[in-house]
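Quick setup: one chain, the form predicted on its own, written in structure tokens, and binding and motion questions come after.
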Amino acid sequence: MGNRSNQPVDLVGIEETRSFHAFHTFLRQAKVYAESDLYPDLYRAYERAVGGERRPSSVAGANAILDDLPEYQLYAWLFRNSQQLKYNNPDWGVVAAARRETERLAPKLEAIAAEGIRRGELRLDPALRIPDYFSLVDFHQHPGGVWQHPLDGLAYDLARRTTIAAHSDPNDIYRLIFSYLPPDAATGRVLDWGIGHGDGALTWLESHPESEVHGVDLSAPCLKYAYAKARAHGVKVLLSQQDLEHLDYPDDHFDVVFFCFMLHEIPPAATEPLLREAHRVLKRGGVFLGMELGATADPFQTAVQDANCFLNNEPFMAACAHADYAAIFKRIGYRHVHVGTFGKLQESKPGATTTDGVPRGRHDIFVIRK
């Protein structure tokens, strides 16, 4: 098949010890406890504090109550510090675990990347100016961001995979997203819009092996890692380092552009220009497909979610959750716009939707047609 890449290479990765797994299992369970026990306790404490008073109708009103609750202080502390430990613990944090292997893995990654450049399958731009919104933010509490150290792509992938239980497949999120692809959509040429660690492209090729898959990102370390991962799986993905606001692809080039959790890392001022550029490179009738965090109308849930964005070093996420993306896509010129609740994700996560009256967050699915 045309997307197969000959001479697969070994997967670039660390030795994940029992201590490493135990540490991240503990942190994962701490987060489960925060959401399944602490969060409902917090809501009940909030309800008691409201009492017979008129319920807050704004986020500011909800914050005025939340800030004085010990339950909220504990929830916020655990939310912030469990993630900080995940990345920054000097023994088993994902950054430390990856960087201990720099001497062994960085040359290996560079050699694979050099081969990708020689083949024309990997394009890097050392002169690319990284936008401030990307270079100055330690997203997810990853120290220094995901674009400087040669193993940042590996650390990013470790963080993603240790967020869920070891027996679960972290790529199921992509399969759920792709299940929303209209059945009549063409799939000949596809763009992973912000490819990161690369598993979105690999998952796409599971069900669409005929596709010519491209991936674009700002981060050279992520692109090198994603390329090595594709080679390890014996598939061909064409990767390039570009600013998504100024892509060098021609007009009407892709049948599908897909993303997963990308929009929350873009400031409002850059969002529409980036989406316009995605529209430019998409063919007439092509599909822009992805998922992102959404917001509810409940002031309590919104206040907690907005605070969590900043507790996790996600300065643009709150604005993203409240953005009217349907209006933005219509203004850009898309013919069919669907931005709605990501129901299949909710159904796949026990406890994500409850009947206990506790307001929960939501995720949205985007199925946009040019």
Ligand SMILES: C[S@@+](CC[C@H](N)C(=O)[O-])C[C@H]1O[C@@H](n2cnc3c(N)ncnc32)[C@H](O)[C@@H]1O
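A quick note: this is a predicted structure, and the numbers were derived from the prediction, not measured. Don't overthink the numbering: it's just position in the shown sequence, from 1.
If you look for the form predicted in complex with the named molecule, you will not find it shown, but the lines that follow are about it.
A single residue from the set 176, 238, 274, 205 has any heavy atom within 4.5 angstroms of the named molecule in the predicted bound form; that residue is 274. 156 is the sole member of 254, 156, 72, 288 with a non-hydrogen atom lying within 4.5 angstroms of the named molecule in the predicted bound form.
Proximity of residue 197 to the named molecule in the predicted bound form falls within the 4.5 Å heavy atom cutoff. Looking at residue 266, you'd find a heavy atom of it within 4.5 angstroms of the named molecule in the predicted bound form. Put simply, residue 242 is close to the named molecule in the predicted bound form: some heavy atom of it is within 4.5 Å. The named molecule in the predicted bound form comes within 4.5 Å of no heavy atom belonging to residue 141.
Looking at the named molecule in the predicted bound form, residues 121, 191 and 249 place no heavy atom within 4.5 Å of it. Partner contact region in the predicted bound form: 213-221, out of 280-288, 108-116, 213-221, 79-87, criterion any non-hydrogen atom within 4.5 Å of the named molecule. For the partner-free chain shown, nothing in 92-123 comes within 4.5 angstroms of the named molecule in the predicted bound form, judged by any non-hydrogen atom. In comparison with the shown form, the Cα-Cα distance of residue 164 and residue 97 increases by at least 3 angstroms in the predicted bound form.
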